[in-house]
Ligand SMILES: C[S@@+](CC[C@H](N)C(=O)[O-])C[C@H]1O[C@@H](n2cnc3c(N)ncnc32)[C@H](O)[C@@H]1O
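Just the one chain here, laid out as structure tokens, in the form predicted alone.
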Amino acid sequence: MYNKFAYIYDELMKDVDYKNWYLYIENVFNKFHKTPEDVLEMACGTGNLSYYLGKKGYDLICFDISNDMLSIAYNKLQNFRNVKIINQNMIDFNINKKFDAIISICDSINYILDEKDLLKTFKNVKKHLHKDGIFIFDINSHYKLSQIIGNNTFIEDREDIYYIWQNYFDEKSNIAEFYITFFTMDKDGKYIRFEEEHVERAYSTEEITQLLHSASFKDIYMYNGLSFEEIHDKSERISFIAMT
């Protein structure tokens, strides 16, 4: 996962406005009267959000499980003296310091498939937060994974990339499986084929809230997408803010 895909990830994510995501996080800090200095970003990927957090001047540590993704992130972040990049896993990361804020975006939490592992992740986040710290993350909603993505096939033809994205959703396990076949053009104009398999779990807001409470988070808020609006039955992305 995220091997060859890492090197075309940014091209495929061009429609994602990471600056707007960063601005939303700043709005969250303002809304909840937080002025963090030390920030941890989990599952930072190729460092698109990390770039804006680093530019803002936060003392930032960002990690990802994929060395290929981190190699691309390094190229974007190497000039920031206030940013450190490490290879860690969300479930059992261990950093010898605490943070004012911990952030994870772009449905990374959905990649944790076992409820026990998700609880372990939340407990680990709590352990790495200062008192009065804030945890910000989002998920693909159950509605999105089961109704929008699940059991559908998407095909896209871009200038140098063609891909077929086949999806399956299991109602019993709430597991969504994504099978993506890519054809990318090399420098000689020839197409190279490779495949990626990704798996996400759909969690209900009740499940997430219960696990956060079990991890000793006190105040929990959830919003529709990158807003402060209430969630609804057809919310596709749900943002969570949890406080220690």
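As the structure is a computational prediction, the values presented were derived from the model and not from experiment. Numbers follow the displayed sequence, beginning with 1.
The form predicted in complex with the named molecule exists for this protein as well; it is not shown, and the discussion that follows is about that form.
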Given the stretches 124-132, 167-175, 85-93, 143-151, which is the single one in contact with the named molecule in the predicted complex, using a heavy atom cutoff of 4.5 Å?
85-93
Just checking whether residue 44 would be counted as a contact of the named molecule in the predicted complex - the rule being heavy atoms within 4.5 angstroms.
yes
At the 4.5 Å heavy atom threshold, is residue 65 in contact with the named molecule in the predicted complex?
yes
Classify residue 111 as contacting or not contacting the named molecule in the predicted complex by the rule of any non-hydrogen atom within 4.5 angstroms, answering yes or no.
yes
Can you tell me whether residue 69 touches the named molecule? I mean in the predicted complex, with a 4.5 angstroms heavy atom cut-off.
yes
What residues, if any, in 99-137 have a non-hydrogen atom within 4.5 angstroms of the named molecule in the predicted complex?
105, 106, 107, 108, 111
